[in-house]
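Here you get one chain, nothing else, as structure tokens; it is the form predicted alone.
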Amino acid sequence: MAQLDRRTFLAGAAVVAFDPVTSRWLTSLPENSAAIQIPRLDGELVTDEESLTEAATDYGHLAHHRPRAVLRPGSVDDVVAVVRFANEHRLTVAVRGQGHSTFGQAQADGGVVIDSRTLATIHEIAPDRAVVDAGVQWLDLIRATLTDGVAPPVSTDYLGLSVGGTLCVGGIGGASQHFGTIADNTLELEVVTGEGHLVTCSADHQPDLFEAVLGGLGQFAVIVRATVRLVPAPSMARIYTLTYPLITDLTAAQRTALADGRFGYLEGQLVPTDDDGFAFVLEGGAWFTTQPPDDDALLAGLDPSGIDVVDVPYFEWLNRIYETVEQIEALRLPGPWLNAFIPDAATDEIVTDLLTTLTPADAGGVALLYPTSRAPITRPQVMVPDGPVFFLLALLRAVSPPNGAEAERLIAENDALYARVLAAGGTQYPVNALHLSPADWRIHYGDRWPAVLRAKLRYDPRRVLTPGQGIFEDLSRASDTA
């Protein structure tokens, strides 16, 4: 979706008041009314049909929870004002960046959705860091940093995501084997807590809040600004596409490549074949500026059945799927995604069993499988399996043509596969279409659950923030167990 700024608000009368009796926002303040005038805003709070409809959908097109108003902030002060107002009047608030959640996670039924696209300024680019608003797309940031010869050490495959939204879930990619998640490469945050306090936090200042928010699924504070790490960037990428006949051949080669860290980027895919099966592909990237990499050294011991090697500009590689994702998004297809982290020891068995029933039609989009190292992933809210290595299995499904019954069938399959992953000691990367209860979330967090609950009670005690995740029960009952 195109970047939005204050000059391109969707048309609609701005809200001026709130009626606490009916919980409705008003575009005028009637005389002798119990309505409460809203705080002065630099941006706009709107209730027009187009704005509410947009805020009630996302990339998954599976959940449609309609807010009563949308804030397009003109400043961080607007976010503070609306979150405080929401606290006072028992309203819920969610932040919507580029709308790439899949199951209503950034929606607020009857509440307020903050459209972060109007907070999209790149404030500073230095040799080792960038300071950006939460609504900045990674695409725009990387374009800007590469002019100075630097870039984030880790990127997600799709660069059209917002900085704030990515940091809420963690941000994993092919370079995570070396550098962890994007959250691991975040140096400082400016956030608005669930009580409406504007706080700057880092590993050295308010570290509890800092660690709660990174990977915290929007539960404790709204990210409004972030300082992210930058490293020197190459100019070219040599991409190796290695094909294998069996899934276990692929995972064995991936483990070999992961063990010595030979590739700067390491992923893998299950690629549909003409006979309604899959080929198994290792995708490795080696970066360079002047001296090309040594092909023989990079391919040693990997033994593929097919090899394709291509050199592309580094930015072109990072941005390789942007147009494809934009085209898919325009089709408004249901997207019942599943992203699971599987312990290394269980991966071959789980994926081999999955392939006895999974068809290209069921995969319905992109199916990823690749390993990463646990050691560089240090943010406590990003829940990954125990052990030095785990695999990401991502079924990025799209139901075409749209079919509600088929989407529900695939969500039920997600639920069943996730249950098996859990039983094997795995976790989820939480951008999924799964039926999760608060009890399921307690299982997800495991031994960390008491700390998660304490952070919620401390930073968002009225449960104002991000209700679409469905993580918490009534905190008045839960407080005794914190």
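Residue numbers run from 1 along the displayed sequence. The shown structure was predicted, so the numbers you read here are calculated from the model rather than taken from an experiment.
There is another form of the same protein, the form predicted in complex with a small molecule; it is not shown, and what comes next is about it.
The candidate stretches are 193-201, 382-390, 220-228, 254-262, and the one lying within 4.5 Å of the small molecule in the predicted bound form by heavy atoms is 220-228. Although the partner is absent here, T118 is not a contact residue: none of its heavy atoms lies within 4.5 angstroms of the small molecule in the predicted bound form. Although the partner is absent here, V431 lies within 4.5 Å of the small molecule in the predicted bound form, judged by heavy atoms. Put simply, Y418 is far from the small molecule in the predicted bound form: not one heavy atom of it is within 4.5 Å. The closest heavy atom approach of L242 to the small molecule in the predicted bound form falls outside 4.5 Å. Taken together, the three residues V95, T156 and I172 all lie with some non-hydrogen atom within 4.5 angstroms of the small molecule in the predicted bound form.
This chain lacks the partner; the member of P336, G268, P73, G164 within 4.5 angstroms of the small molecule in the predicted bound form by a non-hydrogen atom is G164. With the partner removed from view, the residue among G99, P293, P343, G180 that has a non-hydrogen atom within 4.5 Å of the small molecule in the predicted bound form turns out to be G99.
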